[in-house]
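The chain that follows stands alone, in the form predicted alone, written as structure tokens.
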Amino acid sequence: MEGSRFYFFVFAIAILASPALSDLVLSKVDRRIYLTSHIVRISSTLKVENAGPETASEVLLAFPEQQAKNMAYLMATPHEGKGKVKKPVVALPVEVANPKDMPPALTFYSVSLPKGLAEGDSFTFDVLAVFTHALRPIPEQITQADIQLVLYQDSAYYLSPYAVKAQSLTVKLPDSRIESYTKLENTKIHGSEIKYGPYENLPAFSYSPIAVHFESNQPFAVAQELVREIEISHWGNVQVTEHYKLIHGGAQSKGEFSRLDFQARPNVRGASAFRYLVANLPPRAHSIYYRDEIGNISTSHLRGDSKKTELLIEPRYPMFGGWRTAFTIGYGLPLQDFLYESEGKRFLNITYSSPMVELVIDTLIVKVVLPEGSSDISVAAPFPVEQWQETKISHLDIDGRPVVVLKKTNVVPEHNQYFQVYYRFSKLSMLREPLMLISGIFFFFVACIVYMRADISISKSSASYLAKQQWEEAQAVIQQVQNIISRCLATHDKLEASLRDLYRTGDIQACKAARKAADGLLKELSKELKPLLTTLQSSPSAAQVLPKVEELVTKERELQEKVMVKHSTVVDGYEKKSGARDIENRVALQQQKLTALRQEVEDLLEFIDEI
């Protein structure tokens, strides 16, 4: 129904066409429609003649409303004949036009001619129009094993507000597998090409609808959103980070997916899916990475030469119709290849769009992060873009870095042209971050020195300070007490060793000498212990631990007495020449008490040490 309305509408246009546009005539139109990918490109060569007395300075191009909505790119250039030396292409100015008495359902563009076209003069130029989402999947849903069929609709006649003397149309398809196509007069098919025409002497706004239903298993890669961040560092690097939200824009996948079938026969059980994408990076790109939210993706291949660096990336899974994925690629570029100076200003000269081959981008946001301190910022873009400025706070920043944001919708590879960002930046500003870093490290060490050497206590006469000082003094005294008790225990061990030697050698005199030395040492240690106990008894801070210390000293003295009794009993037994078994029986009970007391003393030492 919508198609029939459109055709009727076009017919009405032909009736209502303004005669004021009839002075110009298209003597020859050669149109070529390329359907080899999901991006539709229409290349037209137009030869225009002025049949009227007034000089013409512009030519109007007409597009149906729906086609104009899908138009992503439009360029007009002077035509260069075959065999001529190709010169740098200079595009002709193209602007949206609103001619009078034209229906609003047609969108017009005006192409400004290099010079006025007098009566009888002619001019030949080429027009390239690029469209997105112009191929409609029929059927709209397919299984894993199905091929993808798409439908394209257009006119066999060139829709123009001018009369056309001669015209032809060639439709280029991906291959020769065609489901159906509209057959008109002078229609021929040669392999993967369908030719319509030539048609002669057609009036203005002539229209003859055609439809081509054909197989297309090309990657329908569509980035619903792409955010490119280009960060400039005057220390020698331009860092590019690209965040993709990708979808397969072809026929929706239905049914179950079998990884086994896909791996076994990918060209049959996954013909409509795409498994990889290719990005043509600048030749000196380095530090390249490819990752998503999970982490690094290792299924990528990189190869390069002096002209480009080709990055082939594979998503984590094959992309069927309607399937989505999100990932990030990043790479560094040498600063000297993209940053220049002119008239006291620096400017970045870099491509605008994605390096991905044959990628449609619904929304593209490019963020150019300039160094902190940049000023007098301006942008020169080869096509209209929405732009504004933001601020990004990064490491060692004070005011933040200015960010130029450029936004454009419906972006195709033809938009991957160079644009420039101009700004002023003082060379002294480059020293800001190193000086901040050096100063920060310097002041950190100064603060450490001050902290280590300064007394930061509130007051030496405060109660907390005095209490802390008294407790430290008490700790020192307790440590001395512990050392004395440990020396006493060591002396006891020496006496036990002398008894073992007595059992082994029977040398009573050596045993008595050891006893005499031990008595002298224990007396000295007892003298050292008395003032320490007096100090602890007079210290309020030691009140909590004093009972345990006193218990420790008491237990040690009790242990010392029993050790001496045991020693005397054993020596007396040897002097009286008693038997060894008899001596052991006499000291057995004493030995049990000694062992228990020794354990108590060691437990008390451990308890006090924990306090």
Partner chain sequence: MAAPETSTAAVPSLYTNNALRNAFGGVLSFFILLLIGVMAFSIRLFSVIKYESVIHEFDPYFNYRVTQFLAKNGIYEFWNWFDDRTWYPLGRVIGGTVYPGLTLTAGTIWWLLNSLNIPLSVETVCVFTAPIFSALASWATFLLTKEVKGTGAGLTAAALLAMVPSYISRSVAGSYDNEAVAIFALIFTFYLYIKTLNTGSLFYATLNSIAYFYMVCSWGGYTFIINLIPMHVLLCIVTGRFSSRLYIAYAPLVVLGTLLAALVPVVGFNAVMTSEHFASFLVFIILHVVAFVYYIKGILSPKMFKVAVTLVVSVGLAVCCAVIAVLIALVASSPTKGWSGRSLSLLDPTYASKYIPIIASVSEHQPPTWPSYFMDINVLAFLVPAGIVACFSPLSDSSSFVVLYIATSVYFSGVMVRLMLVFAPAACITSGIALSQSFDVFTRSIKFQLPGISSNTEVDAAETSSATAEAQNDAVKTEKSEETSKNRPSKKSKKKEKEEKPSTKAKAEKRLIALPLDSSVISLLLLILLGAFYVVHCVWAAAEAYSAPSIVLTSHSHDGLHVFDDFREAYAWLRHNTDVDDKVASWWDYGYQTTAMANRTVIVDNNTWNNTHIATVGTAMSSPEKAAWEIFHSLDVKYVLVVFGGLVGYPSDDINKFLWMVRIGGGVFPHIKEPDYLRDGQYRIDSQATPTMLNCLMYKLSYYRFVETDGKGFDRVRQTEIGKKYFKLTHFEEVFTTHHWMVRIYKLKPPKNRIRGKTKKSKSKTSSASSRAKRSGMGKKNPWH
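Positions refer to the first chain, counted from 1. Take the two forms, find the largest set of C-alpha atoms that superpose within 1.5 Å, and that set is the rigid core. All figures in this text were calculated on a predicted structure; none of them were measured in a lab.
The same protein also exists as the form predicted in complex with its partner chain; that form is not shown, yet it is the one meant from here on.
Check: What is the one choice in Y422, Y73, W323, Y276 with a heavy atom within 4.5 Å of its partner chain in the model of the complex?
Finding: After the contact test, the surviving option is W323.
_Contact residue in the model of the complex, chosen from W235, Y317, Y451, Y289 - any heavy atom within 4.5 Å of its partner chain_ = Here the answer is residue option Y317.
>> Based on heavy atom distances of 4.5 Å or less, which listed stretch (252-260, 171-179, 301-309, 214-222) is in contact with its partner chain in the model of the complex?
In response: That would be stretch 252-260.
**Item:** Q592: touches its partner chain in the model of the complex, heavy atom cutoff 4.5 angstroms
**Value:** No, no contact at 4.5 Å.
Q.
Can you tell me if H395 lies within 4.5 angstroms of its partner chain in the model of the complex, counting non-hydrogen atoms only?
A. Because a heavy atom of H395 falls inside 4.5 Å of its partner chain in the model of the complex, the answer is yes.
message: I'd like to know whether K494 contacts its partner chain in the model of the complex, with contact meaning heavy atoms within 4.5 angstroms.
response: Contact with its partner chain, yes.
- Query: Would A490 show up as a contact with its partner chain in the model of the complex if we use heavy atoms at 4.5 Å?
  - Reply: Result yes; A490 sits at the interface with its partner chain in the model of the complex.
Honestly, after the rigid core fit, is I377 moving at least 2 Å at Cα between this form and the one not shown? False for I377: its C-alpha shift is below 2 Å.
Using a superposition on the rigid core, decide whether the Cα position of A510 changes by 2 angstroms or more between this form and the one not shown.
-> After core superposition, the C-alpha of A510 moves 2 Å or more between this form and the one not shown.
**Request:** Answer yes if the CA of K566 moves 2 Å or more between this form and the one not shown after aligning the rigid core, and no otherwise.
**Result:** Yes, K566 moves 2 Å or more.
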